[in-house]
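What follows is a single chain, given as structure tokens, in the form predicted alone.
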């Protein structure tokens, strides 16, 4: 069996970091052959074509074919997995509404092209920011495709949160679990340790022994650092966090396709769970079962946690109202 995978913005840095891992089998495993479609704007075709040449030179046994195009109908033709990476970044002097309008002009047509051309079981992961609302725009434009097939990447935020906890506790990151992200992929996101475990035990007691006042540490250190980690990397590295974003994208799609054995995080369409207004694409704690994301329900939220979730959801509502006013929904 061969899976067709479309990457938009494939000539960019995140796309470049994704392509070779996908071709090597990191996404779907060592038995699944892949066909790659690299979709770019005309200005980015040269970079995408160069990446395609390198993919050929990599002689990947799982890679059956690579196609580079700036035509969305060709790019999404028969695609099973669409990774929407390319997005308009926020430029100097741009207001939030300007950014949403610019990206609406990208993700609306892409959603329509997915509906018209992709495979019937297509799964879509939006990486390009503002990811949640870009996914909402794409889903609204994809007539006939269930909204549940459109997701926004918040796994990078979860990975950052788990890594920060592991570093603080001095433990391997794989022992830290159940650290979901709620709300928007933005500075308002809420990385929630209420149900987190380390080595299968609640994380609270171990944290208290190290940081002392856990609530203060969460407010002043942990949550701000997770939310601002991207800016920290830009300051230190001089460039954005492309490799970790690509790695999180691999994690998200692999779990969606292959299933999970515990919670993770994804921006998925709300049906009113936890009071999040229906139709918003918000991050929740989720499991993947039989190829579908399922929101983990029944978790208790303290008043403090509830206020954090509500603040991020309020931002998502404001973004939705903005794109509605722009005629994008």
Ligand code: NAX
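Numbering follows the first chain given and starts at 1. In this text, all values refer to a predicted model and were calculated from it rather than measured experimentally.
FYI, the form predicted in complex with the ligand isn't displayed, but the following is about it.
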Check, residue by residue, if 9, 40 and 240 all come within 4.5 Å of the ligand in the model of the complex, counting heavy atoms only.
yes
Quick check for you: of 220 to 228, 169 to 177, 85 to 93, 193 to 201, which stretch puts a non-hydrogen atom within 4.5 Å of the ligand in the model of the complex?
85 to 93
Exactly one of 140, 245, 145, 113 has a non-hydrogen atom within 4.5 Å of the ligand in the model of the complex; which residue is it?
245
Identify which of 316, 22, 309, 14 has a heavy atom within 4.5 Å of the ligand in the model of the complex; exactly one of them does.
14
Give a yes/no on whether residue 279 approaches the ligand to within 4.5 Å in the model of the complex, heavy atoms considered.
no
Under a 4.5 Å heavy atom criterion, is residue 129 part of the interface with the ligand in the model of the complex?
yes
Would residue 181 sit within 4.5 Å of the ligand in the model of the complex, counting heavy atoms only?
no
Quick one: is residue 153 in contact with the ligand in the model of the complex, heavy atoms, 4.5 Å cut-off?
yes
Sequence-ordered residues of 164 to 188 touching the ligand in the model of the complex, heavy atom within 4.5 Å
185
